[in-house]
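Let's start with one chain on its own, the form predicted on its own, as structure tokens.
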């Protein structure tokens, strides 16, 4: 059996991530809202703005989880279509329920797919998005290459992810919050303490804004910029083909 990800190191494994998110899918949204003090909605809204969508945009949302970014794209960005994908079927089941009440102009589809090996043709999408999913990919370089492959010339990959606050005193307080408060909240809301120990360590182990930009350049993107939100707790990277 493939081992769970190592909570002490914040390193994801494919089976560990699948097991974690299939288990907590029904409580995942509640945890996000409580742990971020509701800021997660604001972060996704800003990410949609950076996607620069038009009514003709064809969008792929990878590692879409329970579909919060997918629905923000449909309601706020109003593109032609959005394909919402995740490799954990239980998470997408929650996303499908959210889409049932949607009545806007955007066509929304769902497909179980691994963001590191996408089942789509080259140059199929105008925009690819991901929110809080890159950190859980064992091979994010493969995801970056795949995102570039499926984007049309001039397309944009919008990455919303937890990041590294540049102000050291605030970063220290934030990391203490990750180490002490997040596991307690996760245990209370989902009963799964190990997964939330991993969550905090995965954020601490994630590359800095500059380092992540370098990885995107290495994958072949021509232009990469980033934008810090909430003192750098999260960052939005925009990589262009």
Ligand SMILES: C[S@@+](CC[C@H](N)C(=O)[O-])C[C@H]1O[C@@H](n2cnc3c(N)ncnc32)[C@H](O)[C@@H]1O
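Just so it is clear, the structure is predicted and the values come from calculations on it, not from any experiment. Positions refer to the first chain, counted from 1.
If you look for the form predicted together with the named molecule, you will not find it shown, but the lines that follow are about it.
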**Asked** So, 202, 215 and 237: all three within 4.5 Å of the named molecule in the predicted complex by heavy atoms, or not?
**Response** no
**Asked** Since exactly one of 131, 74, 127, 95 fits, which has a heavy atom within 4.5 Å of the named molecule in the predicted complex?
**Response** 131
**Asked** So, in the predicted complex, is residue 115 in contact with the named molecule at a 4.5 angstroms heavy atom limit?
**Response** yes
**Message:** Is residue 32 part of the interface with the named molecule in the predicted complex - any heavy atom within 4.5 Å?
**Reply:** yes
**Request:** May I ask you to check whether residue 87 falls inside a 4.5 Å heavy atom distance of the named molecule in the predicted complex?
**Result:** yes
**in the predicted complex, residue 63 touching the named molecule (heavy atom, 4.5 Å)** = yes
**Prompt:** So which stretch, 75-83, 167-175, 131-139, 151-159, is the one near the named molecule in the predicted complex (non-hydrogen atoms, 4.5 Å)?
**Reply:** 131-139
**Message:** Using a 4.5 Å heavy atom cutoff, which residues in 15-43 contact the named molecule in the predicted complex? It's fine if the answer is none.
**Reply:** 17, 21, 28, 32
